[in-house]
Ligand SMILES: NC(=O)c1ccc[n+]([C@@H]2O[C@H](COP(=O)([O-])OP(=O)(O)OC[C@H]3O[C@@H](n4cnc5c(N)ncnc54)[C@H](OP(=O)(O)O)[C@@H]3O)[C@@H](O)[C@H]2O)c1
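The chain that follows stands alone, in the form predicted alone, written as C-alpha coordinates.
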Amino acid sequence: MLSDRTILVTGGSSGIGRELVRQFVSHGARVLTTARRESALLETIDGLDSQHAFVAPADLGSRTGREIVATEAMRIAPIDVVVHAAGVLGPKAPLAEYPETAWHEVFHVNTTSVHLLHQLLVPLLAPNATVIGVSSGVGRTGRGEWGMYAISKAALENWLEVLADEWPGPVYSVNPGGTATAMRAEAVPDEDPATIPTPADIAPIFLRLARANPTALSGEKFDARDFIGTDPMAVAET
(Lines give C-alpha, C1' and ligand atoms only; values in the text may rest on other atoms or scores of the structure.)
Protein backbone atom coordinates (compact mmCIF):
# COMPACT_ATOMS: atom_id res chain seq x y z
CA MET A 1 0.00 0.00 0.00
CA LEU A 2 2.87 2.40 0.75
CA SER A 3 5.67 0.87 -1.33
CA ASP A 4 6.16 4.12 -3.22
CA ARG A 5 6.32 6.33 -0.11
CA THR A 6 9.18 7.69 1.99
CA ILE A 7 8.01 8.84 5.41
CA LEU A 8 9.50 10.72 8.36
CA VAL A 9 7.93 10.07 11.77
CA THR A 10 8.99 12.10 14.80
CA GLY A 11 8.51 10.69 18.27
CA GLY A 12 9.09 7.14 17.06
CA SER A 13 10.57 5.80 20.29
CA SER A 14 7.25 4.93 21.93
CA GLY A 15 3.49 5.09 21.82
CA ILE A 16 1.70 6.24 18.69
CA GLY A 17 4.90 7.22 16.88
CA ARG A 18 6.41 3.76 17.41
CA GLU A 19 3.28 2.01 16.15
CA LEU A 20 3.08 4.21 13.06
CA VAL A 21 6.70 3.45 12.16
CA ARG A 22 6.02 -0.28 12.36
CA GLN A 23 2.75 -0.03 10.44
CA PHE A 24 4.22 2.13 7.68
CA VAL A 25 7.19 -0.20 7.17
CA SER A 26 4.94 -3.27 7.20
CA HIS A 27 2.99 -1.68 4.34
CA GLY A 28 6.14 -1.16 2.29
CA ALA A 29 7.21 2.41 3.05
CA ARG A 30 10.74 3.55 3.75
CA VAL A 31 10.62 5.23 7.14
CA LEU A 32 13.05 7.48 8.97
CA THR A 33 12.15 8.03 12.61
CA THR A 34 13.61 10.25 15.27
CA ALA A 35 13.52 10.70 19.05
CA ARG A 36 16.03 11.44 21.75
CA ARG A 37 16.71 7.87 22.95
CA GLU A 38 18.64 5.77 20.45
CA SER A 39 18.05 2.56 22.39
CA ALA A 40 14.29 3.06 22.22
CA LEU A 41 14.43 3.85 18.50
CA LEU A 42 16.35 0.63 17.91
CA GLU A 43 13.62 -1.24 19.79
CA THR A 44 11.07 0.37 17.47
CA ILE A 45 12.74 -0.93 14.32
CA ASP A 46 13.80 -4.29 15.77
CA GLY A 47 12.65 -6.99 13.37
CA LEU A 48 11.81 -4.57 10.57
CA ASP A 49 13.41 -4.61 7.12
CA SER A 50 16.72 -2.78 7.52
CA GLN A 51 16.35 -1.41 3.99
CA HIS A 52 13.12 0.31 4.99
CA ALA A 53 13.62 1.45 8.59
CA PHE A 54 16.13 4.11 9.63
CA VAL A 55 16.73 6.03 12.85
CA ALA A 56 18.06 9.48 13.65
CA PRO A 57 18.58 9.90 17.41
CA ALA A 58 18.18 13.61 18.08
CA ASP A 59 16.65 16.18 20.39
CA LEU A 60 14.22 18.14 18.21
CA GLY A 61 14.16 20.86 20.82
CA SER A 62 17.65 21.92 19.75
CA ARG A 63 18.81 23.29 16.42
CA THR A 64 21.61 20.73 16.40
CA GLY A 65 19.08 17.94 16.80
CA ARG A 66 16.89 19.27 14.01
CA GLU A 67 19.92 19.55 11.73
CA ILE A 68 20.80 15.91 12.47
CA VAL A 69 17.32 14.86 11.34
CA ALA A 70 17.52 17.00 8.21
CA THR A 71 20.92 15.50 7.35
CA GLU A 72 19.58 11.96 7.72
CA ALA A 73 16.46 12.84 5.76
CA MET A 74 18.66 14.09 2.93
CA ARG A 75 19.94 10.53 2.47
CA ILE A 76 16.49 9.22 1.55
CA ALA A 77 14.92 12.37 0.12
CA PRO A 78 12.53 13.32 -1.31
CA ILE A 79 10.27 12.78 1.69
CA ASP A 80 6.65 12.10 0.74
CA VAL A 81 5.05 12.25 4.20
CA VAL A 82 5.95 13.84 7.52
CA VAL A 83 4.11 12.79 10.67
CA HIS A 84 4.72 15.07 13.63
CA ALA A 85 4.07 12.67 16.52
CA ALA A 86 6.70 13.90 19.00
CA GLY A 87 5.43 15.70 22.05
CA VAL A 88 5.66 16.10 25.82
CA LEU A 89 2.88 16.28 28.39
CA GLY A 90 4.34 18.60 30.99
CA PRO A 91 2.76 18.99 34.44
CA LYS A 92 -0.99 18.82 34.91
CA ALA A 93 -1.79 21.89 36.98
CA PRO A 94 -4.13 24.91 37.05
CA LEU A 95 -2.90 27.82 34.95
CA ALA A 96 -2.52 29.94 38.10
CA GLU A 97 0.07 27.47 39.35
CA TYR A 98 1.67 26.37 36.11
CA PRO A 99 5.51 26.47 36.32
CA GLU A 100 7.14 29.00 34.05
CA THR A 101 9.97 26.69 32.98
CA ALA A 102 7.53 23.95 31.95
CA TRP A 103 5.37 26.52 30.14
CA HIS A 104 8.24 27.41 27.81
CA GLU A 105 9.54 23.85 27.44
CA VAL A 106 6.22 22.25 26.49
CA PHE A 107 5.36 24.94 23.96
CA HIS A 108 8.83 24.73 22.47
CA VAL A 109 8.73 20.95 22.00
CA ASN A 110 5.10 20.60 20.92
CA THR A 111 4.82 23.61 18.62
CA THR A 112 7.96 25.66 18.00
CA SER A 113 10.16 22.66 17.23
CA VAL A 114 7.59 21.36 14.72
CA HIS A 115 7.72 24.66 12.87
CA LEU A 116 11.51 24.94 12.92
CA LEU A 117 11.94 21.34 11.76
CA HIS A 118 9.50 21.96 8.90
CA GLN A 119 11.58 24.91 7.74
CA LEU A 120 14.69 22.71 7.55
CA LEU A 121 12.81 19.93 5.76
CA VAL A 122 11.22 22.07 3.04
CA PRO A 123 14.06 21.57 0.52
CA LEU A 124 13.92 17.80 1.14
CA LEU A 125 10.17 17.34 0.73
CA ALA A 126 8.47 16.10 -2.42
CA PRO A 127 6.61 18.94 -4.20
CA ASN A 128 3.24 17.72 -2.90
CA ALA A 129 4.40 16.11 0.33
CA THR A 130 1.77 15.29 2.94
CA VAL A 131 2.11 16.78 6.44
CA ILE A 132 0.22 15.17 9.33
CA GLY A 133 0.14 16.66 12.81
CA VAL A 134 -0.82 14.50 15.80
CA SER A 135 -3.17 16.74 17.73
CA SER A 136 -5.29 16.17 20.85
CA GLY A 137 -8.86 16.52 22.00
CA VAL A 138 -7.72 19.12 24.54
CA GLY A 139 -6.11 21.03 21.70
CA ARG A 140 -9.50 21.38 20.06
CA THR A 141 -11.46 22.04 23.26
CA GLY A 142 -9.43 23.24 26.22
CA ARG A 143 -9.79 21.43 29.52
CA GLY A 144 -8.79 22.49 33.02
CA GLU A 145 -5.40 21.41 34.37
CA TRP A 146 -4.09 20.30 30.98
CA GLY A 147 -2.16 23.57 30.88
CA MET A 148 0.42 24.16 28.19
CA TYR A 149 -0.13 20.73 26.67
CA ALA A 150 -3.62 21.79 25.63
CA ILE A 151 -2.48 25.26 24.61
CA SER A 152 0.45 23.97 22.56
CA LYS A 153 -1.80 21.49 20.74
CA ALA A 154 -4.25 24.28 19.98
CA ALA A 155 -1.35 26.25 18.55
CA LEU A 156 -0.30 23.21 16.53
CA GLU A 157 -3.83 23.02 15.12
CA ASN A 158 -3.60 26.64 14.00
CA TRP A 159 -0.10 26.10 12.57
CA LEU A 160 -1.49 23.26 10.48
CA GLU A 161 -4.34 25.49 9.30
CA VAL A 162 -1.91 28.19 8.20
CA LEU A 163 0.35 25.63 6.54
CA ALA A 164 -2.62 24.11 4.71
CA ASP A 165 -3.31 27.55 3.21
CA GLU A 166 0.29 27.87 2.02
CA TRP A 167 1.63 24.39 1.29
CA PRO A 168 0.94 22.85 -2.16
CA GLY A 169 0.49 19.36 -0.69
CA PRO A 170 -2.14 18.07 1.74
CA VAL A 171 -1.94 19.01 5.41
CA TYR A 172 -3.98 17.19 8.06
CA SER A 173 -4.62 17.16 11.79
CA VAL A 174 -5.40 13.85 13.48
CA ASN A 175 -6.72 13.68 17.03
CA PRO A 176 -5.90 10.19 18.36
CA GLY A 177 -8.24 10.46 21.34
CA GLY A 178 -7.35 8.73 24.56
CA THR A 179 -4.90 5.98 23.58
CA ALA A 180 -3.12 3.38 25.69
CA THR A 181 0.35 4.93 25.79
CA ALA A 182 2.82 5.81 28.53
CA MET A 183 1.95 9.50 28.13
CA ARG A 184 -1.75 8.77 28.59
CA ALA A 185 -0.99 6.72 31.70
CA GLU A 186 0.96 9.67 33.09
CA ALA A 187 -1.87 12.08 32.29
CA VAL A 188 -4.71 9.89 33.59
CA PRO A 189 -3.12 7.47 36.07
CA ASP A 190 -6.41 6.06 37.38
CA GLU A 191 -7.62 5.00 33.93
CA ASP A 192 -7.63 1.32 32.99
CA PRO A 193 -5.63 1.14 29.71
CA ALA A 194 -7.66 -1.91 28.68
CA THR A 195 -10.71 0.36 28.31
CA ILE A 196 -9.20 2.62 25.64
CA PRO A 197 -7.86 1.99 22.12
CA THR A 198 -4.27 0.93 21.51
CA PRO A 199 -1.95 2.73 19.08
CA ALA A 200 -2.57 -0.10 16.59
CA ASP A 201 -6.33 0.47 16.84
CA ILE A 202 -6.05 4.09 15.72
CA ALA A 203 -3.55 3.52 12.90
CA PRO A 204 -5.99 3.15 9.95
CA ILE A 205 -6.55 6.86 9.32
CA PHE A 206 -2.81 7.54 9.38
CA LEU A 207 -2.22 4.76 6.85
CA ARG A 208 -4.93 6.11 4.57
CA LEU A 209 -3.66 9.69 4.70
CA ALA A 210 -0.08 8.55 4.06
CA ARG A 211 -1.05 7.03 0.72
CA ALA A 212 -0.38 8.88 -2.51
CA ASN A 213 -3.18 11.18 -3.70
CA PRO A 214 -5.43 11.09 -0.62
CA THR A 215 -8.94 12.30 -1.40
CA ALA A 216 -9.36 14.39 1.76
CA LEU A 217 -9.06 18.14 1.32
CA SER A 218 -5.98 19.83 2.72
CA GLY A 219 -6.69 21.31 6.12
CA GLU A 220 -9.16 18.61 7.17
CA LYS A 221 -9.21 17.43 10.77
CA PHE A 222 -9.82 13.82 11.75
CA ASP A 223 -10.62 11.88 14.90
CA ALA A 224 -8.74 8.60 14.71
CA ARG A 225 -11.37 6.77 16.75
CA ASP A 226 -13.86 7.26 13.92
CA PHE A 227 -11.78 4.87 11.81
CA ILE A 228 -11.06 2.09 14.30
CA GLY A 229 -11.61 -1.30 12.70
CA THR A 230 -11.78 0.06 9.18
CA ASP A 231 -9.74 -1.17 6.25
CA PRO A 232 -7.06 1.45 5.51
CA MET A 233 -7.21 0.45 1.86
CA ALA A 234 -10.85 1.43 1.61
CA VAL A 235 -11.58 3.85 4.45
CA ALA A 236 -13.39 7.03 3.45
CA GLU A 237 -11.64 10.09 4.82
CA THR A 238 -14.60 12.43 5.08
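One rule holds for the numbers: they count along the sequence shown, beginning at 1. Since we're looking at a predicted model, the values are computed, not measured.
One more form of this protein exists, namely the form predicted in complex with the ligand; it is left out here, but the text below deals with it.
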#### Entry: Heavy atom within 4.5 Å of the ligand in the model of the complex - the one residue of 184, 27, 52, 208 that qualifies
184
### Summary
As a check of understanding, the residue in 85, 148, 73, 117 with any heavy atom within 4.5 Å of the ligand in the model of the complex should be identified as 85
### Message
Whether residue 60 contacts the ligand in the model of the complex should be assessed with a 4.5 Å heavy atom distance threshold; does it?
### Response
yes
### Query
Could you tell me if residue 136 has a non-hydrogen atom within 4.5 Å of the ligand in the model of the complex?
yes
### Query
Can you check whether residue 193 is within 4.5 Å of the ligand in the model of the complex, heavy atom basis?
no
### Query
How about residue 109: is it within 4.5 Å of the ligand in the model of the complex, going by heavy atoms?
yes
### Message
Looking at 96-104, 164-172, 74-82, 128-136, which stretch has residues with any non-hydrogen atom within 4.5 Å of the ligand in the model of the complex?
### Response
128-136
